[in-house]
Each structure stands twice: as C-alpha cells, then as structure tokens.
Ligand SMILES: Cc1cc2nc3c(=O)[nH]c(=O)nc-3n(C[C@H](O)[C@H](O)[C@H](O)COP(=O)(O)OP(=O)(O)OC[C@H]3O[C@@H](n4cnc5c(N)ncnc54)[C@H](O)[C@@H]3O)c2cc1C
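In the block that follows, a single chain appears as structure tokens, in the form predicted alone.
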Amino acid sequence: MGLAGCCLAWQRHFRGQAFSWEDAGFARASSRVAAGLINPVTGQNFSPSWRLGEFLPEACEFYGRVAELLGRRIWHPLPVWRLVGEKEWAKVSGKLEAASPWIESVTEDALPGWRAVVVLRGGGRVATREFCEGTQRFFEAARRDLAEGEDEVMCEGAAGLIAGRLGKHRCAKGEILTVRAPAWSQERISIGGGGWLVPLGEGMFKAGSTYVWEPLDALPTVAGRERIEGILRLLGGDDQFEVIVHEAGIRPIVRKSQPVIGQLDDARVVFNGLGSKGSLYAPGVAARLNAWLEGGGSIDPELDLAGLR
C-alpha cells in the first residue's frame, strides 16, 4: 500500500472500525521512493501550502501515534532552509509578510552564491518507506474478502490516474538520488535551485527531484541523475558525495495538486491526487474520507471528486 491506503487503514484502526486491504504492488508508486518532505512554504511563488495550519498539526499528531504502535520513529521535524538566488529574491521578499507565521528568520548574503536564506518552521521528513512497510506488517492479518455492502476504496495513486479513472491527470515522473555525504549538515532541509536536499541521518541524504511528463515509467535516466547531481552540488556546497541509490516514481496529480476523495458512478470510492505533498495531506484527508464513509455528513467541497466533473 501507498500513503493514501496506509493512512486510511490507520484512521479506521484508531476508531475500532473493521476493514480489509489488498496491495496491488504498483512498481511506479511514488510512496516507495519519496523523501517524505514536508515544506510549509513552497514553489516559485513562495506561498504557504494549501490549508497548512489545518493539515500540518493533524499530520504530526497522526505520525506520532503511529510511531508508538510501530515502535519506530516516523516523523522527523527539521527546519527548512529556503536558499534564494538573486533573480528570485524580488518575488520572495515581497511574499515574506504573507508567509510570516512560518518564518523563523531571514538572513541576506549569508551563504556564497545565494542572495538570502529564509529559515522556515513546521518542516520535516516522514520516513515514507518505513511507514508503508511497517503499516503492511502491522495489518497483515487484516486481509479478507470484501463483504457484500461494504465500501471499496481505491487508493491507486498514479496507476489509477494513468488508467483514466478520474479523466484528465497531471502525473509527473520524478527521479531521486540517495547519497552518502558525511561532511554535510544533518540539521536542516535545504531547498533551492529547483531542488531539495533532505537528511536521513548517519551521513545519508535524499535529493531531487525531476519533473518529466513523458514517459511515465519508473526507469531512472542518465539525464535525471545529472540534473540531481547538479542540485546536490548547489545545496551541499561541493561534490563530496557518493551516490548509493538512483530511483524513479510517478507522482499522482490532478487539478491543482490537491487530493480528491469521492464516489465514482459505479459506487466505488476514490482517494487519490496526493501529488508531491502526500506526507502532509494523507493523514487528514484519510480522516475526512473515513468520517464520510461512516455517515459523517458531506464531503469537504475542496476535496470532493465531484469538483473534477
């Protein structure tokens, strides 16, 4: 299972609700290779993530609760250093006030090659692979056949979107490198130059990522590796790193990179579209989906699949 299915399983478990699950094992699933990055203020427009103040506390509480049951740490809070170049400083500096609740500090001309460093609070890393694999082991005994009248929820990620389940999609292939660089700082996430560098502990990092719309396969490429190695030199500050793993996955994206939940014409339920921010949104969206499945009112209009039609 990926992030969506795992989070929905936990939300039902927390409430003592029965469920079963089946993992199709999609090779292109992004949850298996993702860095689990949570960045509170994102993009070229330097804007706080959608409904951040609502979903971030829910995610932190959720991952902490799961970690206790799995007996391993899942959520790793870290400050995010947004490294700003000279060309983008005019736009970013104009957005500082709007993003101020999430800004720890702003320092100009602090690092060679960068116009400013904006330190953001609320960021961190979710150990997505460990979370998904631990969840599967925890719920191994929950496998059973779907009973008559039970809801079938499809958490298919990119595979479902590529199959045309929700019509037009915006899925994008992304490549990621895992590297060893013992001299680099493990105390922060660095973002800039069109990429990111996320510490994993013990001198290890993940770095990425590329955006490619064709072909949508899980095959690493020479061009992708070269692109990410350039990001590594920018954010790490030198070329003293060793590439350990080169991976690729497909981000499940629809509309404005916001998740969707709801019911198809055939009565099956969909939870998809987590995109590159699944670690932030999956726990809270799963909770809202589960509440609706149990008769808890209507679906949040901003999440409702009906908005795609």
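Just so we're clear, the structure is a prediction, and the values are computed from it rather than from any experiment. From 1 onward, residues are counted along the sequence shown.
Another form exists, predicted together with this ligand; not displayed. Remarks below refer to it.
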(message) Checking a candidate spot here: are Leu37, Gly157 and Pro252 all in contact with this ligand in the model of the complex (at least one heavy atom each within 4.5 Å)?
(response) yes
(request) Just one of 108 to 116, 89 to 97, 172 to 180, 73 to 81 has residues with a heavy atom within 4.5 Å of this ligand in the model of the complex, so point it out. (result) 172 to 180
(request) Using heavy atoms only and a 4.5 Å cut-off, determine which of Gly275, Gly284, Pro48, Gly262 is in contact with this ligand in the model of the complex. (result) Gly275
(message) Is it the case that Ala24, even though its partner is missing from this view, gets within 4.5 Å of this ligand in the model of the complex, heavy atoms only?
(response) yes
(message) So, Ser209 and this ligand: in the model of the complex, are they within 4.5 Å at any heavy atom pair?
(response) yes
(request) Could you confirm whether Met1 comes within 4.5 Å of this ligand in the model of the complex, counting heavy atoms only? (result) yes
(message) Residue-level contact is defined here as any heavy atom of the residue lying within 4.5 Å of this ligand in the model of the complex; does Ala59 satisfy this criterion?
(response) no
